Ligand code: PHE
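Taking the form predicted on its own, here's one chain by itself in structure tokens.
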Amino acid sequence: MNDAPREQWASRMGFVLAAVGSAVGLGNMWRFPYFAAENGGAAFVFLYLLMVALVGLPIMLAEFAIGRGSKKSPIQALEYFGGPAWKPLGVLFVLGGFLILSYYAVVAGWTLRYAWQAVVAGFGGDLGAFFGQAASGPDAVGWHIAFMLVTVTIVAGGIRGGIERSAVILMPLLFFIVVGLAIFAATLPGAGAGYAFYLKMDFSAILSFRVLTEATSQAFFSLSLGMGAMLTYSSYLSRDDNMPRESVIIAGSDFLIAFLAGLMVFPLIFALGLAGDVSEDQIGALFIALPGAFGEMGAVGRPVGILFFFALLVGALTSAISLLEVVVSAIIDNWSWPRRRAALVMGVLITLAGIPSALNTNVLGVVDQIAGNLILAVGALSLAIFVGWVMPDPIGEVRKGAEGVRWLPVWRAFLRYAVPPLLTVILYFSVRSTIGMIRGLFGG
């Protein structure tokens, strides 16, 4: 067990930017706009914000309370407040981070490959064949390894020297790129049709149980909850940080970037005549249709393509850093390994675990369903029960540094009575979907 003094963030802003980076990922840059357009536009955005308030913020604050209160990584933190019986939940968090990063780094490797292609040659030729080569096989394995190498290097640098330093540089850069591309997209002919598609108001969607489930799932997973990332990051906080304030800032920033990404993507798609590609296949639109359109835009297409895929890459990298930190922090706390050794060994193991996903996109889809949906839903549901009913005085812990906050009893009541039913519904649909995907993979 590691008894060395725990690292701390150098500044409040460093923590906030790192936590926002954990939340902002490929799901924000592409999945959120796509889901909004396909599920009622502004109605989906409204439901998403509602679910952030009802589910996302309570779970995030619960992770903060456990992390800062224990000053430990997930396994030891759950044992600290709940005894040995709750250690398996911490193990589940670490396992979830391990598995999610194993396939997430494969998809991130695709974005690294495309960013490199945009820089050195631009896009042209048979982009369907190019994506097929990039998405699976030896090329996918190579770029997967390259992305993991960058991630391991940053995490090995420590909280201040690696994670915080990268977040302070990368997150403002990501914001300015997304805003710049959104402004550029607004000047293109046909941009108005993109806005109309993205933000149409379908009032019937508000009453749709399916859309509500999608919005809850997106709100929950886009905030990096249920995998121990926020718990781990908050374990490096000081006692006087205002965690309710930080949770609102993080959730708001995560939504802002996701919303701006839609203002960037859909005007581009409609201006370039790609609306049919989006409705047929969101992955195809992202990695085949859009690059092809960049190649046909003339001189401006190449820099736009570089910025677009660099923004995707930054979002992927900041999320990957937090996933690896969950695993590395647990190894340091439980086995007393030096940080660099823990980052290197676990990085190698995660890279090896991701190779099947790099070789076969069907495997990637199943692992995503199991780890990215099922494990996270189980973890978050257990977390809500733990902080709502088991953890001694979570309100007292959150109130440190936030003495003026009056709504903390309401927060705990939500964890007890509102969040578990909602997450139980999400879990039910996750189980059904996972069983279906596993049967499909094995021909059942």
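Please read all numbers here as calculations on a predicted model, not as lab measurements. Residue indices: 1-based, along the sequence shown.
Just so it is clear, the following notes concern the form predicted together with the ligand, a form of the same protein that is not shown.
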{"query": "4.5 angstroms heavy atom contact with the ligand in the predicted bound form for residue 264", "finding": "no"}
{"query": "The ligand contact at residue 247 in the predicted bound form, heavy atom, 4.5 Å", "finding": "no"}
{"query": "Heavy atom of residue 423 within 4.5 Å of the ligand in the predicted bound form", "finding": "no"}
{"query": "Any non-hydrogen atom of residue 104 within 4.5 angstroms of the ligand in the predicted bound form", "finding": "yes"}
{"query": "Candidate spot 73, 232 and 327, all three touching the ligand in the predicted bound form (heavy atom, 4.5 Å)", "finding": "no"}
{"query": "Candidate stretches 400-408, 413-421, 27-35, 377-385 - the one whose heavy atoms come within 4.5 Å of the ligand in the predicted bound form", "finding": "27-35"}
{"query": "The single option of 308, 221, 198, 130 touching the ligand in the predicted bound form, heavy atom within 4.5 Å", "finding": "221"}
{"query": "Proximity to the ligand in the predicted bound form, single hit among 108, 140, 286, 323 (heavy atom within 4.5 Å)", "finding": "323"}
